[in-house]
Ligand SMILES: C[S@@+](CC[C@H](N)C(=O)[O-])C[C@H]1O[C@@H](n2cnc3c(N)ncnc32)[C@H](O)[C@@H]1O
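Let's start with one chain on its own, the form predicted alone, as structure tokens.
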Amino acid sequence: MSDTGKKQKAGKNKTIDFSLEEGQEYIDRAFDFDKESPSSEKKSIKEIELSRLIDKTILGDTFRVLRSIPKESVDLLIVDPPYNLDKDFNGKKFRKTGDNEYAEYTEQWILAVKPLLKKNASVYVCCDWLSSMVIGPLMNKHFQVRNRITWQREKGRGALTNWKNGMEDIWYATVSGDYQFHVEDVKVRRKVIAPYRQNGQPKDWEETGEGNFRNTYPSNFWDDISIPYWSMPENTAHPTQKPEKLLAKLILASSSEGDLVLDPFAGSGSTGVTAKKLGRHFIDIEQNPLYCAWAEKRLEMAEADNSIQGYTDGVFWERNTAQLQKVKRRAGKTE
């Protein structure tokens, strides 16, 4: 299509949605697994030196790539597998199956990633309410389940014959009883509606020019997440993109700077980008070349801007609050 025939985006629309031809320079930056490990024989796949894989978007089939990653090298595993739904991922169609078939698929990737995890590694697996019933028991079978996080999606289609799906789950587990959890790094800053004072001073809250706030310990219900939308720089045309803010909570809670984060179903690279912004190493695996190109574009953008929407001053803000802070700062007002 000629430039004049292209549909023009609105001026404030920051969505990453270029074609593979337009993004050739970015796909060239990805680690093409078939080129680097050309043998098609599954039994001949060998481990690749970890230094060649770290901080890379790897283009390839995740089950083949996982066999090349050195054992016990991963500190944190974040998995956002295809939900058990009919979904078109840029021409790659995932078809809904029965629970038994989906369970087999899930256990297949669990068995592939499990040997790669360190003894003190943590695991997070994203799912919707329906696939959660299949994934939960399998997580309990292979790991030590610690919790099930439920987060609120403020977007979604309504339903005429059922309740609208406004929630998703994240299963949290560890390989053993030895694991990291940095609760001070994932506190949520919330407005104080009825501030309590002791000896005339705020008790467990902070008084600012923009209001009264308290840094609270996080629960397993998250209502402060915004789905990426068209005016956010992190937004892409990927149909199931996870917010960087959501991933930042997982990464900060369950890893340290310099640790290695693995995402075997990387999509447009949200895990790798967020890990990079937070000083972690990453390995992102994605089979779709276009999504790899979008991921590499986002990694380039992170070099110039490592901010994460909704996470500022070392705390996570309630939805839309941090944006208000930025507006007031630009107007010359300070806390």
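Quick caveat: nothing in here was measured; it's all calculated off a predicted structure. Position 1 is the first residue in the sequence shown; the rest follow in order.
The following text describes the form predicted in complex with this ligand, which does not appear among the structures shown.
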Could you tell me which stretch in 59 to 67, 46 to 54, 25 to 33, 305 to 313 has residues with non-hydrogen atoms within 4.5 Å of this ligand in the predicted complex? 59 to 67
Of the residues Gln241, Thr106, Thr174, Ser132, which one places a heavy atom within 4.5 Å of this ligand in the predicted complex? Gln241
Contact between Glu296 and this ligand in the predicted complex at 4.5 Å, heavy atoms? no
Does this ligand get within 4.5 angstroms of any non-hydrogen atom of Asp80 in the predicted complex? yes
Quick check on Val273: any heavy atom within 4.5 Å of this ligand in the predicted complex? no
Interface membership of Phe265, this ligand in the predicted complex, 4.5 Å heavy atom rule: yes
